[in-house]
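As structure tokens, one chain now follows by itself in the form predicted on its own.
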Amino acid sequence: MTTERAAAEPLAKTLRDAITRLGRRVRQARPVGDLTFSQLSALTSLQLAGALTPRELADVERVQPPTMTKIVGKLEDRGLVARTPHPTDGRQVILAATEQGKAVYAQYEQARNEWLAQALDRLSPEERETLASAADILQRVARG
């Protein structure tokens, strides 16, 4: 192990822990509702991707297809997701968020953004500037 690598490992652990805790806290900031984290995650993936097959959604969410079938069924029951025939493969369907699903997603996003904005308001201008720089760096790291 190189000296640089050994020096980076404690920072990697600290960053991973902080990002995990922050991500968990942001996910907990949500409007009153009874969508599970799995349902919200699937709805978010459909919102971001536009439309996916059930298999693609299961892959994105890293769950088994039978699990995704149950999640999608609950979202369909609420009118948040709709199935349409696949344009080239009659054996498949395409899943997409409905207008109601997009509205629910927007409510969750607003609640999360409001929580984080309030947390950032408690920081000094210098700390917010540091976080802005760190956010740019983390985006680069995330892109690989």
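Predicted model only: the values in this text are computed from it and were never measured. One rule holds for the numbers: they count along the sequence shown, beginning at 1.
There is another form of the same protein, the form predicted together with the DNA; it is not shown, and what comes next is about it.
With a cut-off of 4.5 Å between heavy atoms, is V63 one of the residues that contacts the DNA in the predicted bound form? Yes, V63 lies within 4.5 Å of the DNA in the predicted bound form.
Would you check, heavy atoms only and a 4.5 Å threshold, whether G50 touches the DNA in the predicted bound form? G50 lies outside the contact set for the DNA.
Give a yes/no on whether T36 approaches the DNA to within 4.5 Å in the predicted bound form, heavy atoms considered. Yes - in the predicted bound form, heavy atoms of T36 and the DNA come within 4.5 Å of each other.
Might T98 be said to contact the DNA in the predicted bound form, defining contact as any heavy atom within 4.5 Å? Output for T98 is no: heavy atoms all beyond 4.5 Å of the DNA.
Listed residue (A111, A119, V93, A82) with a non-hydrogen atom within 4.5 angstroms of the DNA in the predicted bound form: Contact with the DNA in the predicted bound form is made by V93 alone.
Members of 48 to 74 lying within 4.5 angstroms of the DNA, judged by heavy atom, in the predicted bound form: Heavy-atom contacts to the DNA in the predicted bound form: T53, P54, R55, R62, V63, Q64, P65, P66, T67, T69, K70, I71, K74.
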